[in-house]
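Quick heads-up: it's one chain on its own, the form predicted on its own, in structure tokens.
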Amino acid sequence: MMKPNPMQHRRLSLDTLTVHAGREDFAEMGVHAPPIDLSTTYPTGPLAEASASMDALASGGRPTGSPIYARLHNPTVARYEAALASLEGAEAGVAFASGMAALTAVLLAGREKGKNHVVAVRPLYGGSDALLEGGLLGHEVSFVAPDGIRAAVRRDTALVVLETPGNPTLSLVDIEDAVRQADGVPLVVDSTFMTPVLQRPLEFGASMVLHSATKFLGGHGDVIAGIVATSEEWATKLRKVRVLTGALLHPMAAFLLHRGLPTLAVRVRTAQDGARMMAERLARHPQVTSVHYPGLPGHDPRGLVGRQMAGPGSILAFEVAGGFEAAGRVLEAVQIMVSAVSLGATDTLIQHPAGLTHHCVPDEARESTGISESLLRISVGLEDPEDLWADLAQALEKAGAKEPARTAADTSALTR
């Protein structure tokens, strides 16, 4: 006899959902851990039934019978999609081989006859910016600041795309205000920095929320993935693109993502505590000229933390006195932190956006959005914050050995 599904009786807290979402059929299957289906093809059964299932899959729907072929559908991936959709309060999730594959599918799915224009709010992740700027998919793109969405929207605008917090400067966008400015144009929010633990854009009117699941959702630096949570209508369009382009998430990656989901909330909140302490101390450090972190006074003028966001997150950025050369010396001097791109792993990563993740962004765009040559971005991990601070402090001391230290008066404005 099948056990009753607790998910059907009441809206569970997010902490409980992270543990149980996507596992509703485990008891029926007789398993406790997420199973992995590595099949590339499936027995089709009666031809008429298989043909009907093929029709459903080719049009972006779900299989009515046999999954037919793994590029069309995989049960392990589908369970993870259901889990993430549950956390975001979405009707469906659609998982891809990477975050960039997810964004590509969104842009292609959003294109309609006569609508080939995209409004993009900078800053964006460097890869996203390059995809839009380069015109690879044939879109016309207008890059704007958050308050410029309304003026940029046209009759042929298909999508509005934004990140909040923005990568790498942690600039915030009011999603409800962006939805109002978009005036009916579908809004896509990259919420990679927040995860559903700290922000759920669909609740504020966004049409789609996108994650590079490589980051916090994976959380251990061992999986590349992307996922979009949205309505079933949009999910159908996205699956159709995925079927045609072959961008399905690999089932082993889906297994790793689902396995790590129960610790998501614990990981995100623990890292956030460390980031808050690091940001406060950096704001008082004589070798630091500015700090970017939503949890600092004056860095959240719209009051989004507590309204749109459950917390400021665990990503921070800061500018070091001495420019590019001093930033390089910090990267070379850290011993516990890892000098590497990406974010959201259990260990702390530090990198130079202008030289690495945002190197492909045009110089003018980098400068106008605050991505300077002296900017470093830190993704705080799960280490003891005091150990992390000691490591960064000694790296800053070494970086400043060739630069005159600023006085307390010079740094007093940083906390305002």
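Numbers follow the displayed sequence, beginning with 1. Quick caveat: nothing in here was measured; it's all calculated off a predicted structure.
One more form of this protein exists, namely the form predicted together with a small molecule; it is left out here, but the text below deals with it.
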Given that the small molecule is not shown alongside this chain, does residue 81 nevertheless sit within 4.5 Å of it in the predicted bound form, heavy atom to heavy atom?
no
Could you tell me if residue 225 has a non-hydrogen atom within 4.5 Å of the small molecule in the predicted bound form?
yes
Using a 4.5 Å heavy atom cut-off, state whether residue 88 contacts the small molecule in the predicted bound form.
no
Distance check, residue 300 to the small molecule in the predicted bound form, heavy atom within 4.5 Å
no
I have 177, 204 and 308 flagged as a candidate spot, so tell me whether each of them has a non-hydrogen atom within 4.5 Å of the small molecule in the predicted bound form.
no
Only one of 318 to 326, 278 to 286, 97 to 105, 252 to 260 gets a heavy atom within 4.5 Å of the small molecule in the predicted bound form; which is it?
97 to 105
The one option of 199, 214, 157, 272 with any heavy atom within 4.5 Å of the small molecule in the predicted bound form is 214
Tell me, which of 293, 125, 234, 143 has a heavy atom within 4.5 angstroms of the small molecule in the predicted bound form?
125
